[in-house]
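For reference, the chain that follows is the form predicted on its own, supplied as structure tokens.
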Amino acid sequence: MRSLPLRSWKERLLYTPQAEPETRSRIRAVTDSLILHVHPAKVPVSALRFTYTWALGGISATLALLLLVTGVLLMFRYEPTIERAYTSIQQLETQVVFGSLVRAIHHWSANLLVLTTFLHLLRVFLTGGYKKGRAVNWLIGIGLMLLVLLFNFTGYLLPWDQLAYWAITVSTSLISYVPVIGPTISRVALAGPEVGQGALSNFYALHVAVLPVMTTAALGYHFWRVRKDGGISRPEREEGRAERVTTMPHLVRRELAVAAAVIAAIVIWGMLQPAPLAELANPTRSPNPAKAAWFFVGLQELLLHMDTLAAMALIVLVLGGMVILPRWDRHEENIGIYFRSPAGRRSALLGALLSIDLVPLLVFADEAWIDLPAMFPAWPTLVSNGLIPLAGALIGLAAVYAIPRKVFKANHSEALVGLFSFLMASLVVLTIIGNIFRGPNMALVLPF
């Protein structure tokens, strides 16, 4: 047997195995396959426009990845017991290298994810992205939005400070108002009648185990469904004749650039603004005002103006309308077009302006001089403070739908754009009022 020649140390140092190009080729093939599982092989050039999608889906996915990575890191130091939860967060902030930064990235990514998923849902609606066989993905998107809220809700309690404790106390009390099943859901979530060790254990298990599995499955299906539907929705006039380019590198390069920008912005913001941490939770001393988590404050604000059952009925009707929207709006010819048409654009502007003007006015009027139970003392509170405001709200929504049809000659789909814009703007306005303009005893105050 002939022995192989011995190489000098320089030859051994500079030697490159012959299999390396093949290995790189395999890795690239696997990467390309993974990318093409969630993207079509080619995409229209128009779909690459940033101003069409605003990269909201990609930004949300990037934030979810940031939350996964930072959440795993936080698990190494966090202790989910009422005796050690707050102390472990303090140690993370003051003693662990980069601990404060990791927690800040996790905190701000979670809050920003609520906004980006909301805006993504809004963008899909405004471009009719639920039409032409995309109804299932619209429902998955609504489910993902609810999962994001549940993620933030369960994570809110984990620091076990005053802000977290009382926000969850108020939020779970809102859940208990849901007819029939509300009290049961609240007791199961809290593992008892009030926030304690059982609630902390439940929220921790949901936050780090149950919800991640559900979200990963839903998100994977969501991306796969977009790919099966041929990519993002686009106008019918572009179908079949739009210029197409390969996903790699044209789309992937843009996605990586946006992801890098988002990560850099979150890291810089986390350096400048640490995640908040109030004093240790004290069940015997309630803050004034005691508010729900910021993303539920709009619901809390609504409950100040009408009976609980009426408010819940209104919310259920709105969510039900979003669920049946693909069957409700069958004008498929305007898919992919923002606001459907010029008439739809005017309807959307009218709906948003009506909300910005009327909702604060009604809130102030109800605070200052409208007192329906006093005006109708002989009537049950459910009627005077429930059915009457609910009927008024439904009549108002019907008017918001009817005005564009009368004034702008809008069709059904275009009028729905105005109604949806009014509802979403009203949610934003109520959330801003509840977070900024409510002071002690939930009275209206100026924030300056």
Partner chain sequence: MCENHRQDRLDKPLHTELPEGHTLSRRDFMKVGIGALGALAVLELGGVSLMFLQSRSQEGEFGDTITAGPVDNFPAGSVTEFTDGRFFLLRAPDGGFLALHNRCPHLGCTVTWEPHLDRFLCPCHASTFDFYGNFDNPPVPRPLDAFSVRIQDGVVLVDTFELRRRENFAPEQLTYA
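Positions refer to the first chain, counted from 1. In this text, all values refer to a predicted model and were calculated from it rather than measured experimentally.
One more form of this protein should be noted, the form predicted in complex with its partner chain, which is absent from this view; the next part is about it.
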Please pick, from Gln197, Asn111, Gln273, Gln90, the one residue with any non-hydrogen atom lying within 4.5 angstroms of its partner chain in the predicted complex.
-> Gln197
Which one, Asn334, Thr169, Asn152, Ser100, lies within 4.5 Å of its partner chain in the predicted complex by heavy atoms?
-> Thr169
Name the stretch, out of 117-125, 318-326, 217-225, 288-296, where some heavy atom lies within 4.5 Å of its partner chain in the predicted complex.
-> 288-296
Considering only heavy atoms, tell me if Asn202 and its partner chain come within 4.5 Å of each other in the predicted complex.
-> yes
Please run the contact check for Tyr165 against its partner chain in the predicted complex: heavy atoms, 4.5 angstroms, yes or no?
-> yes
Mark Thr94 yes when one of its heavy atoms lies within 4.5 Å of a heavy atom of its partner chain in the predicted complex, and no otherwise.
-> no
Flag Tyr177 as yes or no: does it have a non-hydrogen atom within 4.5 angstroms of any non-hydrogen atom of its partner chain in the predicted complex?
-> yes
Select from 428-448 the residues with a non-hydrogen atom within 4.5 Å of its partner chain in the predicted complex and write them out in sequence order.
-> Asn441, Met442
